[in-house]
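We give structure tokens for two forms of one protein chain below, kept apart as structure 1 and structure 2.
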Structure 1
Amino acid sequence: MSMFGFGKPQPSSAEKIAAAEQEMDLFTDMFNKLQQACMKKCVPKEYREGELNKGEGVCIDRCSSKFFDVQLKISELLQAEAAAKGATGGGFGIGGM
């Protein structure tokens, strides 16, 4: 809080827990999407051995790397768009929409 009481209010414990739960849900969802996409692409439906072979392991490594690269680019684009909307007043007024 600032010297004159104009600072941003601190979140309560319940708000912190809710934010942490939401972050965990988003992380779990992203992991499940990654796992489904890369397993579908890289691992055949019929298993021949208990361990991944070298080709499957390399495929999963590349797939997961590309997945995270795309997620990062999408995040950057959404942040830039949100910042642009914030700078222009949310798209309302002169030059908006």
Structure 2
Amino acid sequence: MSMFGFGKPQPSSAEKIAAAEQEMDLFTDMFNKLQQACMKKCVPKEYREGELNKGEGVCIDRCSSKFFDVQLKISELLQAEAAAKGATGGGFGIGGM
């Protein structure tokens, strides 16, 4: 945050909204991927009953947890790659969550 008028110019309205929208897209995407992955891995296709049984529930919890861990891990790896290649900022911005 600049107090003296130096630094980056203020983003325009459109830019701010686009950035917020992009963030939202990221979350939505992430949720959808998570849902697809864990439903596929944890809920077999027989549909004998209309509720999750205990095993499926626990599987979903663990699957979600691992999914987030994988995401974090990949984020770190990509950042390390970028740093190693000497790339300056403005590459991915993933760590900003």
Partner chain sequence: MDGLTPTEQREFQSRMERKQMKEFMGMFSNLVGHCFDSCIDDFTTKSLVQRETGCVTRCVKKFMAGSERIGQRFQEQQAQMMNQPPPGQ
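For the two forms, the rigid core is made up of the largest set of C-alpha atoms that agree within 1.5 Å on superposition. Computed from a predicted structure; not experimentally measured. Please note that residue numbering is based on structure 1, beginning with 1 at the start of its sequence.
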Return 1 or 2 according to which structure is the form predicted in complex with its partner chain. 2
Please determine whether the C-alpha atom of residue 81 is displaced by 2 Å or more between structures 1 and 2 following superposition on the rigid core. yes
Fitting the rigid core first, would the Cα of residue 48 be found 2 Å or more away between structures 1 and 2? yes
